[in-house]
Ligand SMILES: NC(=O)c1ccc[n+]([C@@H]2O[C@H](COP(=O)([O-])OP(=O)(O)OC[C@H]3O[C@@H](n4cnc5c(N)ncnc54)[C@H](OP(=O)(O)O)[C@@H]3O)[C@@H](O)[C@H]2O)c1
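Take a look at this single chain in structure tokens; it is the form predicted alone.
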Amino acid sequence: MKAAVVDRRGGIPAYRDVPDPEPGEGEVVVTVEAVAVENVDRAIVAGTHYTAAAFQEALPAIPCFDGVGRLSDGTLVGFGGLQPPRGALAERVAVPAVATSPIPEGIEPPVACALATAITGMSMRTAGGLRAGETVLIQGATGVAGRLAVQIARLLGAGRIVATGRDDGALAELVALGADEVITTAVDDDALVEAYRAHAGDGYDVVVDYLWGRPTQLLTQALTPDSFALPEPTRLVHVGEAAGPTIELSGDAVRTSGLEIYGAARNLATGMAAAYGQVVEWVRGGELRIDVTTMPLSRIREAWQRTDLRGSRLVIVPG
């Protein structure tokens, strides 16, 4: 069978012949229908993600660890549980039977495999405790996950949505998706701090942060009051680090700003089922739109190097 294979750290996957999967005890063979290529997959191949060691040690290896496919009886399932060198970018995979789950009817495979991206947006409720009427700041809203988060904030009843990004054209598109105000991060530090303050209104209740790095560090400065004040808490949910892996956090930003920082996985163990069900309901009803761009597995080298998919998730399909 064919698969996408990486043979060196930071390499570009190549379309190659590999042995057919041989299922072990408790495993089933899945014929792959769709695999979403996400930033985490690229980071693992590049060796820059904190979980990348196992993949790098197993080279040559097949990237991506989950997807959507069909069992031998035709049932459409989501699958995971793959360990390097085995990965999802193949025609068929052997996975633990317990790592498969039926895909809800009415959702096509390319969209189904991108549902997890929308779950990150649901962290504004599961981790951040968003309540109807509150103000949400979405850091890095022009990417795939950020655009979904804007839609989700509106669907969850946010009173005001502020979105940030570097691309003015992409920021303008966010207004149509539900953003009330936008902030460009492509300005100098002082201007960005001032922009955060100018758009805060009565304060940001929840921040969904896909950026970290410089923008988030400057946001913590913007949240720090200039006088002895007792601001309402800002619950910052850390999801990604597109702008950098670290920030410098001063003590006064924590002592006096009311800043609370949570990881996106907070409460997800108990809230995942409800979050997933809500996303499925919205997608089925057409209220939540997940943009995907599909390309065949045979063109994986070209697909992996694409940089023009603004706001659209790359999904690899058979062919």
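Everything numeric here is computed off the predicted structure, so don't read it as measured data. In this text, residue numbers run from 1 along the sequence as written.
Quick note: we don't show the form predicted in complex with this ligand, though the next part is all about it.
- In the model of the complex, this ligand sits within 4.5 Å of a heavy atom of residue 166.
- In the model of the complex, no heavy atom of residue 27 sits within 4.5 Å of this ligand.
- Using a 4.5 angstroms limit between non-hydrogen atoms, residue 180 is distant from this ligand in the model of the complex.
- Of the heavy atoms in residue 267, none are within 4.5 Å of this ligand in the model of the complex.
- Proximity to this ligand in the model of the complex, defined as a heavy atom within 4.5 Å, singles out one entry of 56, 278, 257, 39, which is 39.
- With the partner omitted here, the residue from 135, 234, 220, 117 that has a non-hydrogen atom within 4.5 angstroms of this ligand in the model of the complex is 117.
- Contact check at 4.5 Å (heavy atoms) against this ligand in the model of the complex: none of 2, 6 and 92 pass.
- Of the stretches 31 to 39, 286 to 294, 246 to 254, 63 to 71, only 31 to 39 has residues with a heavy atom within 4.5 Å of this ligand in the model of the complex.
- Residues 239, 240, 241, 242, 243 are the members of 236 to 267 with a non-hydrogen atom no more than 4.5 angstroms from this ligand in the model of the complex.
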